[in-house]
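Coming up is one lone chain in structure tokens, specifically the form predicted on its own.
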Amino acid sequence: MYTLERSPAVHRTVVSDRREPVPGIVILGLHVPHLASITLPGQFAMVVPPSGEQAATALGIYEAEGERVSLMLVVVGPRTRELAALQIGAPLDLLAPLGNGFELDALGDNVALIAGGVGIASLLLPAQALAARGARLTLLYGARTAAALVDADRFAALGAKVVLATDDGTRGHAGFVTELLRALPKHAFSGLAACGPSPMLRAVGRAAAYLDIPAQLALEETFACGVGACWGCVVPHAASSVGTPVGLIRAKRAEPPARESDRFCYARICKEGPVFWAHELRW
């Protein structure tokens, strides 16, 4: 929940550094006094392309330390293309921090992080926080090809065991990263934290249920506003776990639900999320 100190604000920033680990994936370092100290693992920013000709785009906050935060982006369209072209010294406006992050204490002390593609961007801060309190970490990281596996060494430096997968078999396991989960014994970890494309997250949720491991999923979505005003990014969420708080719309049904598990509300990914417990999603 937001507090006055952690409330989102518009930050007028300057690009302090820029890195392109592979063509099409760019990490922008930004000089943003005070933002790093209030950012929670899993939160995101709405970033405004400088030209003003494109709508703001949501990016997970990748690094946050001192007066610097960074954003990782993959070039997929005009908005990200404009942002990726920014050079050191370029001005940039962003609204941050937004959303609710990971409940790391609830994941225990033996945690697996599951990343798909640039979903890795939302998992570095959780990994750093978990490592700081002595948790054992395993990173299961998948991408389409070996070239798209970015910064896995950052996690290894934190003491994480790193297991890689590529769709084309160019590095690590040949196949989806979720196939690595299905090969695990039950209760292999105390908790899972994942970020990636929706099909991957659905598979993680199913695997977590089978393995009887609690899992938190950071959902990826295209946000129109990022602050919960437009209701354009909803996901069905278990009504039994959230009741009827302000900010959720209860699903309308012609008949009473046959089972308690059939009751659900619509939760906004940008506001109530982007991180949800897997067992509470009804997608």
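As the structure is a prediction and not an experimental result, all values here were calculated from the model. We number the residues from 1 along the sequence you see.
Unshown form predicted together with a small molecule; subsequent notes refer to it.
**Q** Could you tell me which of 67-75, 88-96, 199-207, 124-132 sits within 4.5 Å of the small molecule in the predicted complex, going by non-hydrogen atoms?
**A** Going through the listed ranges, the match is 67-75.
**Q** I'd like to check something about Val32: if you look in the predicted complex, is any of its heavy atoms closer than or equal to 4.5 Å to a heavy atom of the small molecule?
**A** Flag for Val32 set to no.
**Q** Looking at the partner-bound form in the predicted complex, is Thr80 within 4.5 Å of the small molecule by any heavy atom?
**A** Yes, Thr80 sits close enough to the small molecule in the predicted complex that at least one of its heavy atoms falls within 4.5 Å.
**Q** So in the predicted complex, is the small molecule close enough to Ala58 to count as touching (4.5 Å, heavy atoms)?
**A** Ala58 belongs to the contact set for the small molecule.
**Q** With a cut-off of 4.5 Å between heavy atoms, is Val150 one of the residues that contacts the small molecule in the predicted complex?
**A** No, no contact at 4.5 Å.
**Q** May I ask you to choose, among Leu219, Ala238, Ala36, Val235, the residue with a heavy atom within 4.5 Å of the small molecule in the predicted complex?
**A** It is Leu219.
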